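Below you will find one chain, with nothing else, as structure tokens; this is the form predicted alone, and questions on how it binds or moves follow later.
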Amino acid sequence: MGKGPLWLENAVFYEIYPQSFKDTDADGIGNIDGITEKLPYIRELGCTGLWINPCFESPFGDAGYDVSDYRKVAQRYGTNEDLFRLFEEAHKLGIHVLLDLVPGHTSWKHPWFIESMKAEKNEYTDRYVWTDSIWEEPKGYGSLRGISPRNGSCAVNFFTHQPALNYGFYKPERPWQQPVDAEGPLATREAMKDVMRFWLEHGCDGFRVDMAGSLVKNDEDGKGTIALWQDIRAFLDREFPDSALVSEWGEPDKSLQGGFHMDFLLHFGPSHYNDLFRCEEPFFKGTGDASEFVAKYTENYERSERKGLICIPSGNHDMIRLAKYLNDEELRLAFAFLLSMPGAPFLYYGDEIGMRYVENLTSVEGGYERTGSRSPMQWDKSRNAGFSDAPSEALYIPLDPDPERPTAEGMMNDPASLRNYVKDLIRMRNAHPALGNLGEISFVLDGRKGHPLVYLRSRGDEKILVVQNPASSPAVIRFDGTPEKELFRFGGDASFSEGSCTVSGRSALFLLLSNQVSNQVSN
């Protein structure tokens, strides 16, 4: 982790979609004070970090990922002072807070963009990626055209209302494509540093950075974007050395080189992440194949110098919830994996209680099919599941309509619940350095179809073998020596003899080893 903050080495994060977490003013939308109220719940679960999705001023065409003022909390969530107080209360509980930084684009209602649309050259003319002519669109990007007196088309990053900020082009090919060291791209970079500086000075502990690898354009190998983030990292090291940066990049060899401490494993692209959880035959359902995931993970792990900083989230606001694909038993197997892998774990709010994907919802704020994964947190059996006192029709997104929907209160009171199981896994992770964020990993068996996924976690002298066998058939794992202790078991029985153990199907097993396991296995 290099010069990273010490607190990040043992962090377990909890992601909060603020609109849907807890409403304290009965308007149907979650707010900052609601998060502050529930900090003890998060800490009791064992989480020591928060990732809060964008809570800044926005027209909310993309649920806050279209920022119109980076330095102001959106009115529906409260005030800047409310967020400052959240930082303070979180720190009292030993919780660090990451805000969601969206550096690649703004809303088209951001004052920067409004100024950039003017025909007369001004401070913001080059803050965004504009062509020189209304008749030329930026190749490879959508664009905004014909919306102002300015003679040009503006690139957009995602939705039409999200104009792309200008960090320059690594290989300029057209007259309007500015190099990364031009005045406009450098001014954009400094403006983003100012945003980061503002929140860090008021108690924020760092940032999860949205689409961090996409800033410099025409940057096929990422060299320009890496250099940009190295410059930002140097700024943070000078002024805020304890701040953390976690990237949504999906290429850890590049993001870590750029100065990020951790990189998210993306649910799209070549990661094969969803081979494990979200496909027709998920590995943790017992019918799928994890081998392509293992191959890609190992490739990324080696390319990032085996630093073990690849974050694997249970889910997030962009994914279908785990419980759509996995039942309670399968969720437990999945969490035994998620909480025994390197890199900081990220739990999406409600996944710890098995919240379900809510089907057939009308899109809310650009959510589309993602809307069903953004429904209100289910706290208890009271009105609106304890999320809000507003009329049910006023809720930001409708609740899961099932009267038997899981609740945090119900699960906290049930020793055998999924939530308490997750809590126990977090406690075990914290007790064993080999299972922690910086422990190394080597795969023994790659979880090809019908076979277990087996990996060795190690740090210092501690070695722990993790066996994941979601298939229905038992598996025999052969050792070079005898395991010292069984640390954890879920599912059926495990039996031991000299040099081997037999694990039941539909089970997970953690073994403390005195000698390294061999590669041999049979079913």
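None of these values were measured; they are calculated from a predicted model. Counting begins at 1, following the sequence as shown.
The discussion below concerns the form predicted together with 1-deoxynojirimycin, not included here.
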property: Residue (of Glu330, Glu409, Asp318, Asp242) lying close to 1-deoxynojirimycin in the model of the complex, criterion heavy atoms within 4.5 Å; result: Asp318
property: Contact assignment for 1-deoxynojirimycin in the model of the complex, among Asp219, Glu248, Asp126, Asp205, heavy atom within 4.5 Å; result: Glu248
property: Contact stretch among 74-82, 310-318, 112-120, 419-427 - heavy atom within 4.5 Å of 1-deoxynojirimycin in the model of the complex; result: 310-318
property: His96 within 4.5 Å of 1-deoxynojirimycin in the model of the complex, heavy atoms; result: no
property: 1-deoxynojirimycin contact at Asp210 in the model of the complex, heavy atom, 4.5 Å; result: yes
property: Contact test in the model of the complex: Asp33 vs 1-deoxynojirimycin, heavy atoms, 4.5 Å; result: no
property: Contact flag, His261 vs 1-deoxynojirimycin in the model of the complex, heavy atom cut 4.5 Å; result: no
property: Contacts with 1-deoxynojirimycin in the model of the complex, stretch 105-132 (heavy atom within 4.5 Å); result: His105
